[in-house]
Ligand code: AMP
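Okay, so here's just one chain, in structure tokens, the form predicted alone.
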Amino acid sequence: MQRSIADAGWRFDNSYARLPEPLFTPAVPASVRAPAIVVLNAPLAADLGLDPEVLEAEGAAVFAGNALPPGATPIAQAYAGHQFGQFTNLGDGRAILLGEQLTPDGRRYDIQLKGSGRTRYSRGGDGRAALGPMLREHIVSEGMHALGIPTTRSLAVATTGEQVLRATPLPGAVLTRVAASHIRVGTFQYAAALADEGLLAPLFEHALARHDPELARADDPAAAFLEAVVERQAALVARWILVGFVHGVMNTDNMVVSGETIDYGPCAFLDAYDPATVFSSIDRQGRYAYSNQPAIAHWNLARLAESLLPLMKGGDEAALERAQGVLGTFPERFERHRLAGARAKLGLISKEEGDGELFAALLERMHETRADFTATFAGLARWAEAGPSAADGCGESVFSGWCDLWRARLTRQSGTPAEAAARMQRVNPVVIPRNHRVEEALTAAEAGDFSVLHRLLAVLHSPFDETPENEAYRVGPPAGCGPYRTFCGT
């Protein structure tokens, strides 16, 4: 007997929709002409308690917005944000939250359609999305997940059978995004800006119950929550830095309190190492350059702290002092995570005072020579095992002086070179979502060929393993490609 989409395993409990309505408005996804699934994330579906076979057969209407799964309460969330430093009231202008799926083991995840039509917050936009940007988010978010970096994920991308008009007509698509929540720094900014205690307090209580329920027993839950978010963001941005990821648009509406990476518009990965790298076509001042990301995260967290001040205990002066104290820990937290990751990338299991300087010296040489970020660390892992005869890594003369220092450092800890190499290979990917490979997959998909996309996704699922299948995906762009630029996709 054929099963319907109602049999897929949906189990919604929509707690955000029970908050005061100024935080959201009801919304209905727009119907499209010819929904069709082009990529379904079967492992994620199963993890959510959903049946991939039912979704594959019957899910196109849901993933394109033509039908609602049972139990859905579709809403568009309101929030604000500092966009390139300028405060603006925003909201889900082209996204609709269907609800919160409860997994068989009791976890809770937002299920959101992105590109599903106009909402109250569309501000003149059409609320639609083009296929290329939606597939970019699917590719890069799944690549980040495979790298072990906290991220929102993509359950599916569906085409609509319609075109969206940007600079030129493009095939339309809808992405189904899965997130621990979509509660942003900008969500708290929005609630605080309305100066309504009946709004800010329920939002905080909801976020606390969802992400840090144990902190409800703290002496000052709002300050404890701020500290938890600071810690999550310090760890997250350090992980970005250690794989050469550039988010590209770190506005406060693109920082979620769960500590997941969200919004993969103008993102990209470093090829040649340059700390000043900017990929976004609209970031003309380099605000969100690779090396600026820790400072921007710190700045964004200060905006969260400002929003939480009315909820902190002890009066205005005491609350401000407490918030500043928490914010002041961000640089140390970030550096602690970055240094721990740097040691791991170099195969170090002991700690020495000069380890940070050793890592910095390597980066300086990489910058001088425009060395490929990912390939350099993968090459060092091979060199650690094979020794000076290896064809890459420390085999290059420009790194030879540094390698003498690194070799000496490795001898001052226990274990063999092979053991150090094995550790390095577990943390230094050989494959990332290379910019030119992503573009290759998107170009083919827009022309109707999804085979390139699926080959890339298969390779990205095992980023730390050298295999015959991923050999061609380990190298940087061909010579003559020129500077890489990304666009927000709205």
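Numbers for residues come from their place in the sequence shown, where the first is 1. All figures in this text were calculated on a predicted structure; none of them were measured in a lab.
Unshown form predicted together with adenosine monophosphate; subsequent notes refer to it.
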| task | Kindly confirm or deny that P150, E227 and G259 each have some heavy atom within 4.5 angstroms of adenosine monophosphate in the predicted complex. | result | no
| message | Please pick out the stretch from 415-423, 75-83, 377-385, 229-237 that is in contact with adenosine monophosphate in the predicted complex, where contact means heavy atoms within 4.5 Å. | response | 75-83
| field | Heavy atom within 4.5 Å of adenosine monophosphate in the predicted complex - residue from R94, R343, H337, R303 | value | R94
| note | adenosine monophosphate in the predicted complex has a heavy atom of only one listed residue within 4.5 Å, and of R322, H182, R128, H145 that residue is R128
| query | Is L203 close enough to adenosine monophosphate in the predicted complex to count, meaning some heavy atom within 4.5 Å? | reply | no
| request: Would you check, heavy atoms only and a 4.5 Å threshold, whether T329 touches adenosine monophosphate in the predicted complex? | output: no
| Looking at the partner-bound form in the predicted complex, is S291 within 4.5 Å of adenosine monophosphate by any heavy atom? | no
| said: Can you tell me if R123 lies within 4.5 angstroms of adenosine monophosphate in the predicted complex, counting non-hydrogen atoms only? | reply: yes
| query | Heavy atom within 4.5 Å of adenosine monophosphate in the predicted complex: which residues of 244-268 qualify? | reply | D253, N254, D263
